Ligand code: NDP
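The data below hold one chain only, encoded as structure tokens and taken in the form predicted on its own.
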Amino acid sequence: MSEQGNFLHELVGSMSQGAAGNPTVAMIEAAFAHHGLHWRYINMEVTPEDLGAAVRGARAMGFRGFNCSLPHKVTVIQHLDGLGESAAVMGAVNCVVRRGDQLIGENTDGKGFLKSLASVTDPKGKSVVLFGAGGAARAIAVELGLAGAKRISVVNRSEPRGSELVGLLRGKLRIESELTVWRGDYAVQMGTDIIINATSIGLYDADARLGLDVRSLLPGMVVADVIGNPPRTRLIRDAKERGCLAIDGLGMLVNQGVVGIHYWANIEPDTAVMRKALEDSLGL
């Protein structure tokens, strides 16, 4: 194979609409370099109208895979050959992997969170409070359900969207779940093991306050935030002050990359290298 052919065969991409300024590029390319992989991870701005052509191009050029973000996470499915378990349950794809001559859709959002969570606790048999019912919350809830969480209480301002997520958890995963429509400050119930902010509250604002009664946070509870910038959100600071085990959102971002690289290259990349590159890229 020619040098150009080898280069093309070792491309991984990110398809998004408005692709500029993606810190994931620095993180993933740092892992490639650290592990001696002569690979490139490239950002490509793809409009909804061109998505099918872009996927066919990636297939023809031998891409090992690619990430895709909104608005492509659902519409990309029609252009793929199959779905992984969690992607099929949640009906959304953010990571595509070449397996033989097929392109298979996976979802690393929830898997990245789960790997981050595993650093402090196993969700099996645990009771979870989940703030939010959007894409991130849906991915996290599905992975928690597949990992054996006992109960997931969804707290969301929109009743229809929250009810949809609760219905998915009950119907497809047979997991105990209920919705609390979010009004005012939510008080965490006794017996809760894990609290997760899967909303955008705190993004780019270290002082933004989640509607949570912090007095209901007890020592030993695990409190996780999906917000990666800034990593020390008000929720994380409050949780630490209350004696909780706090997990910032950078861990989820790093581990999403870890899962993706494992899918594409079948290696376990160095998380410390990836986290440093991500922090440098974000100016943290």
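Everything numeric in this text was worked out from a predicted model, so none of it was measured. Each residue number is its position in the shown sequence, starting from 1.
Another form, the form predicted together with the ligand, is not on view; read the next lines as being about it.
The stretch in contact with the ligand in the predicted complex, judged by heavy atoms within 4.5 Å, is 222-230, chosen from 50-58, 235-243, 30-38, 222-230. Contact annotation for residue 200: at least one heavy atom lies within 4.5 Å of the ligand in the predicted complex. Though the partner is left out of this view, residue 186 does not reach within 4.5 Å of the ligand in the predicted complex, counting heavy atoms only. At least one heavy atom of residue 133 is located within 4.5 Å of the ligand in the predicted complex. Although the partner is absent here, residue 253 lies within 4.5 Å of the ligand in the predicted complex, judged by heavy atoms.
Just one of 212, 194, 103, 137 comes within 4.5 Å of the ligand in the predicted complex, counting any heavy atom, and that one is 137. None of 79, 161, 98, 126 but one reaches within 4.5 angstroms of the ligand in the predicted complex through a heavy atom, and that residue is 161. For a residue to qualify, one of its non-hydrogen atoms must sit within 4.5 Å of the ligand in the predicted complex; none of 14, 66 and 143 qualifies.
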